[in-house]
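Take a look at the structure tokens below, where one protein chain is shown in two forms, each on its own, as structure 1 and structure 2.
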Structure 1
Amino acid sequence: MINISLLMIMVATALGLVWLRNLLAVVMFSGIFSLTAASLWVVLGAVDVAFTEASVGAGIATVLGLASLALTRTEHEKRTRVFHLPALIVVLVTGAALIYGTLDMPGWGDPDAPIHTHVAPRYIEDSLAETGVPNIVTSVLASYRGFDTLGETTVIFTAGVGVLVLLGRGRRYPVANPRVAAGGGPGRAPAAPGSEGAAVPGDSGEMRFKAILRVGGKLLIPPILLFAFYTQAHGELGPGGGFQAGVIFASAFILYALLFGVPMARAVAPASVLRGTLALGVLIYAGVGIAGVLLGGNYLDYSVLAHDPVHGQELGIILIELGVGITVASAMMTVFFVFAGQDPQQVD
């Protein structure tokens, strides 16, 4: 009943996304859909996926959607009465082809399916002995599918670079003195545009007086960062890893920026540092593979990294997960800061 209830909520939310024309409502419904999906993953036992879905889908993606709305001049989607028959035909043909392709797939939960007779038993029975990592998900992603995960990390790096190239010329925030940016202290300088002490159009300076939110943020941000480090370090033992830790770590900085202003967050994580760490994570991942080649093994073969092959596998997994976490966190923070630095007056 829990699964069916969550699935029905997702279906209703998806229909609402298609029907609604208010863009703010669409963004909020999208966050509700992601949060419900994360709950469904938890019920199904896919806690690793639930971490990422809740942090990215319900958290960071919702914030970026709201940031995009702040840069637009309309709150409603434009209605059009144009009926494009070729587009409808393409969609119907593609959907029919996808449905036809599923007809030869094994039934749901079929014990005789190839994945249950060849691949899954190998991972379940041999992954701990071969990699020394109890979490099968981590061993599969970081070792057996190391090339695939390297490609995913490179895609995230490329996305961050693409956002920088397309939107990187946004508003520049002065961050020379965080105390001045915070508007604190006697005889302080005028608050910089975009800082917490500045008047922001539409809020009448209310954020400056929302002490409850800021005190709550100060109480929440340290545990969030601590949980991110725990998720990174605990990824080979239980649910977690570089992807999950990276988005959780970035969400703490984004929360800090929302409560205390982008200049304050920029003082802690300058753009130059983020651009360096964005590439550093991929370099760590690729460098582990190169180290394996130099030590006489194959690329991304961690067995040669230590005197014992199992210890080498464990060391390699820890290192590449660290690289993944660094790149993911840097990419998420970079995208947010780029959106936050755009000037609404210059956006159509």
Structure 2
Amino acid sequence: MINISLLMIMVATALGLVWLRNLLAVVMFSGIFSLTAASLWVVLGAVDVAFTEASVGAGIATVLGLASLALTRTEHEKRTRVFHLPALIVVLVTGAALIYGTLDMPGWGDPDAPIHTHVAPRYIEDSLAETGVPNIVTSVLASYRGFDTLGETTVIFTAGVGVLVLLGRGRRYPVANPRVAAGGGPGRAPAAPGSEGAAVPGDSGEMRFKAILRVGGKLLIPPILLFAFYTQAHGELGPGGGFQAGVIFASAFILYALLFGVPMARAVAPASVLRGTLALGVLIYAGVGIAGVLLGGNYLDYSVLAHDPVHGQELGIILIELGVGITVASAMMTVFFVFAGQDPQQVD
């Protein structure tokens, strides 16, 4: 029944989102919504998905939401129009049609449902012998459905480029000489925070002087990075993989930027390097496919990469997961730096 309670919490949170006018609260509720969803994935046996949801939905999405609130300088919606009759009618009619559509679906958890009798049994029975990877989600993601994942990695790359195109030019944070400025104590002159008090992730003017936050954050960063590497390397054996590892890796840098300021974090991970690695990950992925073609196999067929097909599969999966991890981490860091590096004072 945990399943049902979690679903009810999600419905309550979603309804709360309709009513709320304070946009800061909307972002926070959205974070709660995602975290509840992550718990639901664990209950439903999708541990890899839970892992991703917790780091992406509850973590990165919330930070991005806060950043865009700071940049648009809005805290409240203009008005509440909670009750909007035409919209309500459209929604109710669509919902009723969809509920009618579910009536002949197989019951929840039914092992004989069509979805469980088509291709899934083959993955469950043969994937270990064919790829040598016990985590079925990883072997399907990286090997059986490798094309699909290549496409999705490219979408993430494209989104990173899109954000750079939209916001990357023009209003840059002044990055004169971050090292000197940081060493010189209050020498760094951050743009004055927006007076409306919304959190400005890039602006650490306040946080820098909070010793407990700073020391505690510093202590957290190495374990987060280590955990990212573990997630990347252990993705074949347990929950994890390139997508999750990339996000966790990026979150360590985001934490660093929140504590010590975006210029300091940018000094560790310069924009030019991030742009390179953003493309590098996709290139590694596509390159593994081309290597397979050159060695006489099909595109993204890893069996030809080594003398033993299973070893080839393992090698291919490790390489493309690495590519995914590099692109995801670079994309998340690029997006955060671009958002946080905007100077809210210059928006007008």
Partner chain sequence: MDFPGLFNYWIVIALMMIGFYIVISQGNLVKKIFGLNIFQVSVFVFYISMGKVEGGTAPILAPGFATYTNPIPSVLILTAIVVGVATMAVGLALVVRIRDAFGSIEDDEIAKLEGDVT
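Note that the rigid core is defined as the largest set of C-alphas that superpose within 1.5 Å between two forms. Residue positions are counted from 1 along structure 1's sequence. These numbers were taken from a predicted model, which means no experiment stands behind them.
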| query | finding |
| --- | --- |
| Structure number of the form predicted alone | 1 |
| Core-aligned CA displacement of A113 at least 2 Å between structures 1 and 2 | yes |
| Cα shift between structures 1 and 2 at D104, which is computed once both forms share a superposed rigid core (Å) | 5.7 |
